[in-house]
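In the form predicted on its own, a lone chain appears below as structure tokens.
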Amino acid sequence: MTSLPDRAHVVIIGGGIVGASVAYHLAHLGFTDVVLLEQGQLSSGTTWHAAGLVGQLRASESGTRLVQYSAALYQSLEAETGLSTGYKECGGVTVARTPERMVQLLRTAAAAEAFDLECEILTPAQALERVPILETGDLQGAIWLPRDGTANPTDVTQSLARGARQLGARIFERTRVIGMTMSGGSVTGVRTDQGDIEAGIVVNCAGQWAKAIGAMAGVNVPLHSAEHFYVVTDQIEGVDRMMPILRDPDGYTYMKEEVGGLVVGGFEPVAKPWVSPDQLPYPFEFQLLDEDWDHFEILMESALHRVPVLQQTGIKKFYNGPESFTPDNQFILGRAPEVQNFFVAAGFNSVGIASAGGAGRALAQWIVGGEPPSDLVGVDIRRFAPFNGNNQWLRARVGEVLGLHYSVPWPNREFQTARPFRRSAVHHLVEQAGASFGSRMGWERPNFFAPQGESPAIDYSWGKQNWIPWVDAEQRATREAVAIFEQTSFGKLLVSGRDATTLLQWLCTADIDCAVGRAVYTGVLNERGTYEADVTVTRIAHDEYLWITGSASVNRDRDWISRHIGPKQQVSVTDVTGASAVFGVMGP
């Protein structure tokens, strides 16, 4: 085995599909002094047992573009590396059992058109033509996405790794990271069981181990593993290689062809958390967890109904493999705010195979260019606060997150688990007034107030919301009389020091060099001239300002300000969100 180098420009931790993708794309961007470290063998952690679905349509355009790139990459890799990825563009059929689900599918089709992605609305009979083994008696309809496909996760990983090696990247298996070297608030290298490596940049792609790796550098990576189940059946007559992916979200299940049989898996409404991120076993290489047929029963019964031929089909293998999930069901990408020179790509919420190509390229571009190459706010690691990394809190949340994959994505849906966490000093008064609470950055905050005698609950639907008349009354009161808004959840940063004014003048579009006691509403732009934030800045002393931002933006804003403090400037940035309540008195 080749010995580890003493130094590398970039060290990537984790040899799953994401780590291999980052290495491949860095090499293609000219960063060839790359070392990838894998504690076992490539793909041996959680990549190898993934189902390999590549569904291109996502909730956002940016997410859709990432997966579209992944699909194109997986189809072209063999010509470059000589290793097949096993990719096949078989298309996908998603069925609806209820009118509410059918409305969602119609909205999905509209989003596909907006994103310029092929999508066709199907009748139950047309769905049966696409998937002849389908039971259609209880279906409202379906959609057909012809560009969906599947890939072999291990083959994709190996092909990406070879592509990276061909351009100069070095990959070391059986090399476990056991610590970080630090200096002056920067990560300077990694410590392994095979020796230390000095590094200019460290990239954490360690999958379900990413939280523990982040902790070595003082970086918060909020994720927690859950058990994820599927079975592989014997061969089935009528199932051919190009059978479309079948998704039955009302039954929580998906199916795809596998060697003439089916992979049958799903996302049950209440998942089964695995061990805490700080208790993951080592070694854990090409391993599965114990079978749990009782927990899998809800998925199996649904599958037997949707595809009746399964009632006469044997099961070859039961897979129970842990996968990591984040608190908000979006993966984690970007530069860590706690230290310099440390990046993260992890927590892919069971869509890592579909996302890895695009996410790997995006992070590589971020590393090389210094800023995100596109709108990645929804997956930016800076969206999380320290409390999001609490293992007990994560365990309470992960059971709900997995089930969201196939739940109806109602407008204004609120998480139910790991709440309440943060409450204002007047929470009890707001509750007594009939508030319906939402949660943002852990804060319980009122969404609306129900009249006396009415339940302050959201009746989720696609139509007119039950709370609209009550909010109308609140708006009229504010416009015609007076209303008090409880706004304690606003993020608050204290920016102070000799050079505070100079720094904020550089960052803000408006002139913030105002009189003490004055407030200025301002934009905050990046080098591309696009918005990083829009905030209110109040001058509270000659050298001190209060920066007011959205509750979900406080960590991102603090990082943005801190990273622009010059080497000779004297400025401190302190999160004082919990130190003050905020009340807005509004009306004529």
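Not measured: the values here are computed from a predicted model. Just count from 1 along the sequence shown to find any residue number.
We do not show the form predicted together with a small molecule, though everything after this point is about it.
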Handout entry: Contact assignment for the small molecule in the model of the complex, among Gln39, Asn555, Ser551, Thr64, heavy atom within 4.5 Å
Key = Gln39
Fill in the blank from the handout: Heavy atom within 4.5 Å of the small molecule in the model of the complex, from candidates Tyr230, Trp144, Tyr87, Trp393, belongs to Tyr230
Problem - Partner proximity in the model of the complex: Arg130 to the small molecule, non-hydrogen atom cutoff 4.5 Å - result: no
Practice task
Determine whether any heavy atom of Ile13 comes within 4.5 Å of a heavy atom of the small molecule in the model of the complex, and answer yes or no.
Solution key: yes
Problem - Contact label in the model of the complex: Phe342 to the small molecule, heavy atom within 4.5 Å - result: no
Handout entry: Non-hydrogen atom contact Pro322 with the small molecule in the model of the complex at 4.5 angstroms
Key = yes
Exercise for the section: Sort through 172-180, 462-470, 447-455, 365-373 and report the only stretch with a non-hydrogen atom within 4.5 Å of the small molecule in the model of the complex. Expected result: 172-180
